[in-house]
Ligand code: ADQ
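To begin, one chain is listed below as structure tokens, in the form predicted on its own.
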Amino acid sequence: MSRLIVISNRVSAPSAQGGAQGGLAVAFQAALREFKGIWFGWSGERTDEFTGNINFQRNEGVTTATVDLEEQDIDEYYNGYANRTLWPLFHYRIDLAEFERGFADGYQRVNERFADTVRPLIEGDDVIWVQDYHMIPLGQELRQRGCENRMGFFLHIPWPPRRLLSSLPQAAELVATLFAYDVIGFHTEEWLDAFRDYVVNEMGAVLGDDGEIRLGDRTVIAIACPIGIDTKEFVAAAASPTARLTYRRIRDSADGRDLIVGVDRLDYSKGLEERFLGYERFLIDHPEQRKEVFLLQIAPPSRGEVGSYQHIRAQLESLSGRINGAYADIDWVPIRYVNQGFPRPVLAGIYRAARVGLVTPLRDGMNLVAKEYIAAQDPEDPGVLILSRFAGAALQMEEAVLVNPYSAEELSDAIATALAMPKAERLRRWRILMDSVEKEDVLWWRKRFTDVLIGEDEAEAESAEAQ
């Protein structure tokens, strides 16, 4: 293999300052340095006319290649089919999914444009790794343009049940394009099983040995491969001067009260409304705790051009205002609701200051906040993670306090349990959770997938040669 070509909707170029980038970017950047590859995708910028002009940049040993998209492309491909059709459907919210033909046309058009643009960059022995639901048909488009390279695809969100997916117009045609890849990856066995169920029972695919699935003359290997965080980096971030300062600021402002923290992108899949209602139920069930705790919910806005996201923001602002109005006192408010993001060292300091991490999505492919919370804890006095059973991370993090996020009563009980948990039990649970977060980190995830994609022996040889 000469190079690894990573293709994703957005590209995150490394910077000398670091710190603010997520674990996924760290994993790709490490792989691209190792295999001298290219990271290709949308720049996030608009252009009056799509030209296919590529902006190449090289930072910290990583080459990125980005293109601008037209306004119509962004509306139909990104805001439309990706985020108003596939995202809600794959997160089990068929009530929010919008099935418009123009969205599907724009999605296909942009994938064709990506294929036309990136194809000249691909050399004969490159390996291609396509990321996520934005680019499901990209592999097939590259095959149609003569690309015979090894290609893998990884889905970072859930795969829906068969009956739910069947509501998508031309679902089978879209799923069939995945068979252009050689390896398909999912976070969990649940999502993998749902994929198998659909392709076998709706499309007539045949299951073989070792994860192989055959449809017509194409055979793919499908695997479960849970993503992790850059654990070492996050542990270091939690010990940084910025994190220590943030920790002191939080503790000073808490005035002896216990902090419960939630950090989520503002999205209906994150269960924020249900979380606020569960926390309110806790305040009702445990009036003696009302001035002893507070919830800090950090929820940076996202996809503000999509109506359902505008609605959830308005709902949360109304709900947090109502709860604060009903229960606050002159020296205490139950919820601090913040609509902005923070750099990773600041978040690490917040996590460490929190007695309870509240991670309660209604449906999530993985959820890395849960793993970041564990990595940021003080090993001598860790907090407690409350985690939704419907997050992919729950399968790896069984020592968390697992909850049904739809139940306000269960959330209330979980908060009470976490706050009252003895130190010895907190230490026991944290140690088991931390072992998993350390062992199956983002670099483990990347290596596991690429070992299957290019062959373990060849991957080891390439890695040794790079070193």
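The first residue of the shown sequence is 1; numbering continues from there. No experiment lies behind these values; they were computed from the predicted model shown.
Although not depicted, the form predicted in complex with the ligand is the subject of the following passage.
Candidate stretches 323 to 331, 137 to 145, 151 to 159, 101 to 109, one within 4.5 Å of the ligand in the predicted bound form by heavy atom
This holds for exactly one stretch, 151 to 159.
In the predicted bound form, which of the listed residues (Tyr198, Tyr337, Phe282, Trp87) lies with a heavy atom within 4.5 Å of the ligand?
Here the answer is residue option Trp87.
Heavy atom within 4.5 Å of the ligand in the predicted bound form - residue from Asn367, Thr246, Gln377, Thr231
Here the answer is residue option Asn367.
Heavy atom of Gly216 within 4.5 Å of the ligand in the predicted bound form:
Heavy-atom contact with the ligand at 4.5 Å: absent for Gly216.
With the partner left out here, check for me: in the predicted bound form, does some heavy atom of Tyr351 sit within 4.5 Å of the ligand?
Taking the distances in the predicted bound form, the answer for Tyr351 is yes, it comes within 4.5 Å of the ligand.
Can Phe342 be called a contact residue for the ligand in the predicted bound form at 4.5 Å between heavy atoms?
Although the ligand is absent here, Phe342 would touch it in the predicted bound form, with heavy atoms inside 4.5 Å.
Taking the ligand as it sits in the predicted bound form, is Ile298 in contact with it (heavy atom to heavy atom, 4.5 Å or less)?
Yes, Ile298 lies within 4.5 Å of the ligand in the predicted bound form.
Check for me whether the ligand, as it appears in the predicted bound form, comes within 4.5 angstroms of all of Ile227, Lys270 and Glu372 - heavy atoms only.
Checked in the predicted bound form: all three residues contact the ligand.
What residues, if any, in 261 to 297 have a non-hydrogen atom within 4.5 angstroms of the ligand in the predicted bound form?
The stretch 261 to 297, when checked against the ligand in the predicted bound form, contributes Val263, Asp264, Arg265, Lys270 at the 4.5 Å heavy-atom cut-off.
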